[in-house]
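Quick setup: one chain, the form predicted alone, written in structure tokens, and binding and motion questions come after.
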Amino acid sequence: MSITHLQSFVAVAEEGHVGRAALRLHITQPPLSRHILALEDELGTPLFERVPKGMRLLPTGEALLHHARRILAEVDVATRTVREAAQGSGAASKPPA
């Protein structure tokens, strides 16, 4: 399960539509659809119901959404923490041997 797949999943879940989620993520629809299909394939279950006006979360998608948001939030915190540490210690510093 990749960060990209989780970001794609959350965007589609929140937008309820692949086209709007693709615009939000600054990608085209085909790769976004492939991310969703790959995630569903990896988990072995559909996460969305495809409806005429977009995508609706299934109970399996609802179960994943909370975790996906939490994982992505932790990735953001980790990124921020590392960047702050790099600024505080000088980016050109070498780690201790």
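Fair warning: this is a prediction, and the values are worked out from it, not measured in the lab. Residue indices: 1-based, along the sequence shown.
The same protein also has a form predicted in complex with the DNA, omitted here; what follows describes it.
Proximity to the DNA in the model of the complex, defined as a heavy atom within 4.5 Å, singles out one entry of I27, L58, L43, L72, which is I27. Not one of L47, H66 and H67 comes within 4.5 Å of the DNA in the model of the complex, counting any heavy atom. In the model of the complex, the DNA sits within 4.5 Å of a heavy atom of V18. Contact residues in stretch 40-61 (any heavy atom within 4.5 Å of the DNA, taken in the model of the complex) are R50, P52, K53, G54, M55.
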